[in-house]
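Just the one chain here, laid out as structure tokens, in the form predicted on its own.
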Amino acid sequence: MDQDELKRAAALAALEFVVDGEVVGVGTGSTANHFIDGLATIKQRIRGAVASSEASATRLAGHGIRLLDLNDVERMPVYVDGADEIDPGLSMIKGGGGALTREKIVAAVAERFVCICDASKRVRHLGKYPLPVEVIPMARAHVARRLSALGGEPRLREGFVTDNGNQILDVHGLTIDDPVALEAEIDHVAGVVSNGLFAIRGADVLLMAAADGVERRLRS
């Protein structure tokens, strides 16, 4: 199977975590798109979906899946999304598509976070993939200096604006020995909206597709 077929296999495996009659949280990106397409085949079983980006909302609506505002949702059993990197403890780097803040919010509400990806996303230590940091535009230079002091090389994602109207600094070369501590430290920098480390609230379930099938791992 090629990479896209692996992504689709992981995404379809996540359908078993959908709870009948309940709301599903839906992530953003190519793997999440496969999940949305699969969800369309069982849309009559769910109450609706909460999207983590405008792009995902558009795809869900195109399938006739009811969209719900997160503020109107009291219970969400599951959130399904991909990752740019994931380590053995199921901490992740996310945000390659720029939706990290909304993804983090929806994940925080969900009772269970199911990560879907192919085996190329598995790493021993996070940090090879640049860490996205969403920033308030007026704070960009200040945040960049603070990120440089942490040992990273922040680069503005040129020509990109998030769904929230902000900018993204992609931080290259970070050494991430303690994802939980670094996530908290970056989030406390004035002007940071959120960062792409999902370690404080990592994945609960990993569905990772490889040539020999979809591996399931639970957060320890």
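Source: prediction; values computed, not measured. Sequential numbering from 1, following the sequence displayed.
Below, we refer to the form predicted together with a small molecule, which is not included among the displayed structures.
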TODO: Find out whether any non-hydrogen atom of Lys121 is located within 4.5 angstroms of the small molecule in the predicted complex, and reply yes or no.
DONE: yes
Open item on the list: Residue-level question: is Pro77 within 4.5 Å of the small molecule in the predicted complex, judged on heavy atoms?
Closed with: no
Open item on the list: Taking any heavy atom pair closer than or equal to 4.5 Å as contact, tell me whether Gly98 reaches the small molecule in the predicted complex.
Closed with: yes
Task: Gly29: touches the small molecule in the predicted complex, heavy atom cutoff 4.5 angstroms - done: yes
- [ ] Could you tell me which of 87-95, 68-76, 104-112, 134-142 sits within 4.5 Å of the small molecule in the predicted complex, going by non-hydrogen atoms?
- [x] 87-95
